[in-house]
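In structure tokens, the next block holds one chain alone, the form predicted alone.
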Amino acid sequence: MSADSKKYDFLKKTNSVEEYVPPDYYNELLKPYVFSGKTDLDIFREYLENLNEAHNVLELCSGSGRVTDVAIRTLPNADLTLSDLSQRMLNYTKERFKRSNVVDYLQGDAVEIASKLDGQYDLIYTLWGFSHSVHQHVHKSGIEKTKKILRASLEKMFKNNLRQGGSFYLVHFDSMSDEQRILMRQWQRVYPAFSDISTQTPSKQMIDEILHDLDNRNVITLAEKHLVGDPIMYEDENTLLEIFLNFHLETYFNNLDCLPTVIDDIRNCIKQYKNPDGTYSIGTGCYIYEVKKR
């Protein structure tokens, strides 16, 4: 056990790619993402309220159900299908929403699920998690092969699984935000795909290329907006390190030899965001894609 692991008890926590951090711990670590006074959930709720109809709905990367809860409350008459890579997240949501109108649960990688869907939906949405699926394909298969896989998956989903006039809603993090610049520096140490962190991540670039192409080909109508988030406040350095290492970096570095270097680099990066009272305020951002099938 490293000296850092002894100093920070939270570094003892580890998980796999397939099983993200436990749902209750996930909920404990998650900080609210706020944009001009509205959370990402507020913005999504307003989007749902403006939909003409949504009887059959699919959520990709449902996690512990924070977004699901908004969908259920805003679309009380819709049948909802949840999907996630983590079986324990799905078990958690099955219990959480056992008295709701969730009709099905799909376990698996989001990109692969999109490529194998056999139902039709009025609305498919995914907030924040889809990039994780894309990047796992990148790490396994490389950028060019992943681009082909992602294009085929999205084109098939829009053609076969989204009803005429149906909607697709996606939120992707802004890797040029203060928060993500710190995180990308760490991923750069282990993943060649992040060798250039002066621009948006491979998943963002791929999604842009594919969706804009489909828009130009009149398959979809695309609206994209960039939101700059209100700074997230962290009570102290330990809280920030736990959230960055165990939530954002998924405990990946907790047992690696480079852990001390990662911790030192995060500490160095966050100095400029320290407030006089010892708290930290770090800016965020995201891109929202709103798609209609033509």
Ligand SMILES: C[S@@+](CC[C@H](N)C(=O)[O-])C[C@H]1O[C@@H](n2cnc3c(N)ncnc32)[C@H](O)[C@@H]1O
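A residue's number is simply how far along the shown sequence it sits, counting from 1. Everything numeric here is computed off the predicted structure, so don't read it as measured data.
Below: the form predicted in complex with the named molecule, not depicted.
J.: Among 206-214, 82-90, 186-194, 151-159, mark the stretch whose residues have heavy atoms within 4.5 Å of the named molecule in the model of the complex.
T.: Result for this chain: 82-90.
J.: Since only the chain is shown here, I'm wondering whether Q136 would be in contact with the named molecule in the model of the complex (any heavy atom pair within 4.5 Å).
T.: Flag for Q136 set to yes.
J.: Heavy atoms within 4.5 Å of the named molecule in the model of the complex: does D174 have any?
T.: Answer no; every heavy atom of D174 is more than 4.5 Å from the named molecule in the model of the complex.
J.: Consider G229 of the chain shown here, and say whether it contacts the named molecule in the model of the complex, taking contact as heavy atoms within 4.5 Å.
T.: Result no; G229 lies far from the named molecule in the model of the complex.
J.: Does the named molecule get within 4.5 angstroms of any non-hydrogen atom of R181 in the model of the complex?
T.: Because no heavy atom of R181 falls inside 4.5 Å of the named molecule in the model of the complex, the answer is no.
J.: Quick one: from V102, A110, L123, A71, grab the residue that has a heavy atom within 4.5 Å of the named molecule in the model of the complex.
T.: Of the listed residues, the single hit is A110.
J.: Just one of C61, V262, A54, L58 has a heavy atom within 4.5 angstroms of the named molecule in the model of the complex, so which one?
T.: Contact with the named molecule in the model of the complex is made by C61 alone.
J.: Quick one: which residues from 111-147 get a non-hydrogen atom within 4.5 Å of the named molecule in the model of the complex?
T.: Sequence-ordered list: L127, W128, G129, H132, S133, Q136.
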